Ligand SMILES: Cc1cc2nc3c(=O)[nH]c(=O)nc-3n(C[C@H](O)[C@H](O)[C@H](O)COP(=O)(O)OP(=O)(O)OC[C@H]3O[C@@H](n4cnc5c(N)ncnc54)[C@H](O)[C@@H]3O)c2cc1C
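Take a look at this one chain, the form predicted on its own, written out in structure tokens.
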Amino acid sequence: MTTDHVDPDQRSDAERLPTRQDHYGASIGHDEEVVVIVGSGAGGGTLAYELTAKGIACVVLEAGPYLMPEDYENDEWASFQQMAWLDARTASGPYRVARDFPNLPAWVVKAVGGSTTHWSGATPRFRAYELKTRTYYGDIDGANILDWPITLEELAPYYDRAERAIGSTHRHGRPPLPANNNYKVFANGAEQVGYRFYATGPYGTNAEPYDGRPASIQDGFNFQGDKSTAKWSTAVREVPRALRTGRCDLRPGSQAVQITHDARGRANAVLYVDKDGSLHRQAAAVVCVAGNSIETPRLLLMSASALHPDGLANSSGQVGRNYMRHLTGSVYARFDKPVHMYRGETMAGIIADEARQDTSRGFVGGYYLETLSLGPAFLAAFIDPGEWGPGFTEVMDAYENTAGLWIVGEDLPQETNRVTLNASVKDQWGLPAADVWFQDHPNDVAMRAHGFSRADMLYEAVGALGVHHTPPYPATHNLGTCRLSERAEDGVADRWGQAHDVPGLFISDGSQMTSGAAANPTLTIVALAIRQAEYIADRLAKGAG
């Protein structure tokens, strides 16, 4: 067993998960000023561990339950009902998701660990140009492009730490995952069309035991949680370790409804509703919001005050704007022999050749091709929502002989793509639901067409009998809406994620992303959270908060 970064307690994290209860970890009083973290996913869960490990007390407010590995349902629809954020939300705009899934703009998790319990595990890094898109892309009509206020060089050591925490394969001596049949078809096609940069990772699922987690059992249920705990999530690693420090008070079933500030404008508390509907106030020295790019701006907009009439931290008018969800599309290819794409990891392969800046292709930015498998139930729901007939049955009848991949690419920020409050639709607490308005940029359309054409070539090169393109479905990568910016008028938070106009308020999830890049976002969210935790700890040590 690899020994670097192994917890001193040699029992596995799965063996040391808390027992089922309503309250976890330390008991912190509501009047005690601590770091209050809203959300326990990639950003919030990482912050909780990093801060408590430095001796800083934290209260973590999580809207969902604390699901244990034995709770996960290895059944697509049952798991979706168990884990997905199904509170009232609306989708709007001309994007097809608004037509096909008007009440489900995003497919994310409402539980401790957030969408790290649902993610596939891909951990590519941002490239240098993707953090400086204004510099590299210039002015693009309809896009609200901005350079990040940090560089890849600054982020690199935190990427190293995030990869070690996650256990990314192909990184820091970690071995690769084995190749399943879906990857073998994918890789053979990549070779045939001349791609050079393809592999079974990097992924955050263990190929061998590491850091208290076992090796993958290749069970094909990554989207439904991971009963074996081979796949990294903050529910398995960071949150339990934060609880064991004795300085973390985790409160599942706690929906944040307002952030308050003192007379000087400094964030000083979070109001939240517990699972019984009772309202509580938790005092805060610092507030970190990590509720996903939909819930984070929703909370800020619901926190309007006399000092912030348009929403907390919204003097720029940028809260909720510049929503990105990555350019996506799936391709399923039929063959004359069985592939059994569902065996092995859900995603277990990446082609990186198209993740580059090359405008000769007709667009800026780039994209990855990644292996993807859905079970029969989800494939039926997503291949062409609402359609039926011979084309549909042809795809479903060929399920065992099918290989699949996902296109994931950079989606340009647009001010009009935004999250707002829908006053006519309320959630179970009587609060305005989030509305997500989205429209593809022409750059997205061109990139998706290129991705589909390259995927077709890849599969046809290895004998595909036919291919099917799926339209985008509810977003799993939700980015932007509270972006980092050098100047306060251009965004919501500074280079450390602290709100420009609300001291003591930090944005700690994918909301802070200034650009989306081609990379799956989780690794970057974790790296930013580790970096932010260092900054917060240093500020608190100096009495600055």
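In this text, residue numbers run from 1 along the sequence as written. Since this is a predicted model, take the numbers as computed values, not measurements.
As for the form predicted in complex with the ligand, it is not shown, yet the points below apply to it.
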Report the stretch among 24-32, 481-489, 50-58, 506-514 that approaches the ligand in the predicted complex to within 4.5 Å, counting heavy atoms only.
506-514
Given that the ligand is left out here, which of Ala403, Ala284, Ala111, Leu369 has a heavy atom within 4.5 Å of it in the predicted complex?
Ala111
Which one, Trp107, Phe101, Tyr198, Tyr129, lies within 4.5 Å of the ligand in the predicted complex by heavy atoms?
Trp107
Contact test in the predicted complex: Phe223 vs the ligand, heavy atoms, 4.5 Å
yes
Is Ala527 close enough to the ligand in the predicted complex to count, meaning some heavy atom within 4.5 Å?
no
Decide whether Ala290 counts as a contact residue for the ligand in the predicted complex under a heavy atom distance cut-off of 4.5 Å.
yes
Might Thr522 be said to contact the ligand in the predicted complex, defining contact as any heavy atom within 4.5 Å?
yes
Glu62, Ala256 and His477 all contacting the ligand in the predicted complex, non-hydrogen atom within 4.5 Å:
yes
